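We begin with a single chain expressed as C-alpha cells, specifically the form predicted on its own.
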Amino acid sequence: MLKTRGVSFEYKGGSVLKFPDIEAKEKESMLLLGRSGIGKTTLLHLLGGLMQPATGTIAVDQQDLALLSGRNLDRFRGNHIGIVFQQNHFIESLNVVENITLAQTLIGLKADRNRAMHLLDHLGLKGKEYKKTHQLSQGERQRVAIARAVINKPGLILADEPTSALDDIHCEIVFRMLEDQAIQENSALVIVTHDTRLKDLVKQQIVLQ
C-alpha cells in the first residue's frame, strides 16, 4: 500500500531532511515517531502527495506519486489516500454528513450519504448527522475527521498527531477507531506522532532522527 525509498526534503535556506524508507501493507498499522521539529508533519505531507520530495520515490497502491500532477494527483489522492490532519479544516456552514461527503464531490464522485451514515453509526455518532461541526465536542469532531478520511475507501490512511491532545483513555479509543477503520477498509494506517503512549499499542514503529 505504501513504499518509500530514499526520500528527502529541502527547505528554502538549505536545510535538508532525510527520511528512512517506509513500507506499510494493507490492514497494517505503523507509527512514525519523533520529537517536535524533526519533520514528522513534513513527512506526512510528502506521503500524502501534498508536497514533493527533493529526492526519492513514494508509491501508494503501486503508483509513484511523482508521476502525477495537477488534477490527476488530486484525483488519485482523493481516491487512495485519506488524511486526518491535526486541525480538522471543516466547513462550518455544512453539516456533518455534508462535510464527510465533500471528500467525494471534490474529486468528481457522487456523494454517498448512505456510506457516510454507516460510518457515523460505526463511529458512535448516530444522531449527529445533521449537526454543524462547531456543535460537536472535540472528540466527536475527531471522529467525523476519521469518517471523512475513509469515506472513499483509501488504500492508505495518514493521521497527524491524532492523540496528542487527548487523555490516556481517549488516546487508546481514537487509535482503536483508526485501526479498526484500516482493517475494515483493507488500508495501511500510518500515524505520525510524538505521543509515546502509542508505542505500547503499535508493534511496527520507525523513529525519526
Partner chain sequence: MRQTIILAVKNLFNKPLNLLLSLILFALGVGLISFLLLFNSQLKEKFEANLAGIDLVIGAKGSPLQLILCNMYHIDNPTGNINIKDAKPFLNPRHPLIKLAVPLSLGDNYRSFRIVGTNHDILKLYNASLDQGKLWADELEVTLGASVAEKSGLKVGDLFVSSHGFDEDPDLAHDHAKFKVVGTLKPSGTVVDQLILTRTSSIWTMHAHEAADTAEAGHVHETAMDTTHAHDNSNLDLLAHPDEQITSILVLYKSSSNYQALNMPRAINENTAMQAASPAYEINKLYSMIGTGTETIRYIALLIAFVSMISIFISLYRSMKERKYELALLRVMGSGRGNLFGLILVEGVFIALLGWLLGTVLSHVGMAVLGHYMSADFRYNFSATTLLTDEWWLLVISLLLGGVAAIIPAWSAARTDINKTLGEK
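None of the values given here were measured: they were computed from a predicted structure. Positions refer to the first chain, counted from 1.
Unshown form predicted in complex with its partner chain; subsequent notes refer to it.
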Note to self: At 4.5 Å between heavy atoms, only one of the stretches 26-34, 57-65, 176-184, 39-47 reaches its partner chain in the predicted bound form; which one is it?
What the structure shows: 39-47
Notebook entry, point to check: So, in the predicted bound form, is Ile107 in contact with its partner chain at a 4.5 angstroms heavy atom limit?
Noted result: yes
Item checked: Contact of Leu123 with its partner chain in the predicted bound form (heavy atom, 4.5 Å) -> no
Checklist line | its partner chain contact in the predicted bound form: Lys131, any heavy atom under 4.5 Å | finding: no
Note to self: Contact with its partner chain in the predicted bound form for Arg143, defined as at least one heavy atom pair within 4.5 Å: yes or no?
What the structure shows: no
Checklist line | Site test, Arg75, Ile83 and His89 vs its partner chain in the predicted bound form, non-hydrogen atom cutoff 4.5 Å | finding: yes
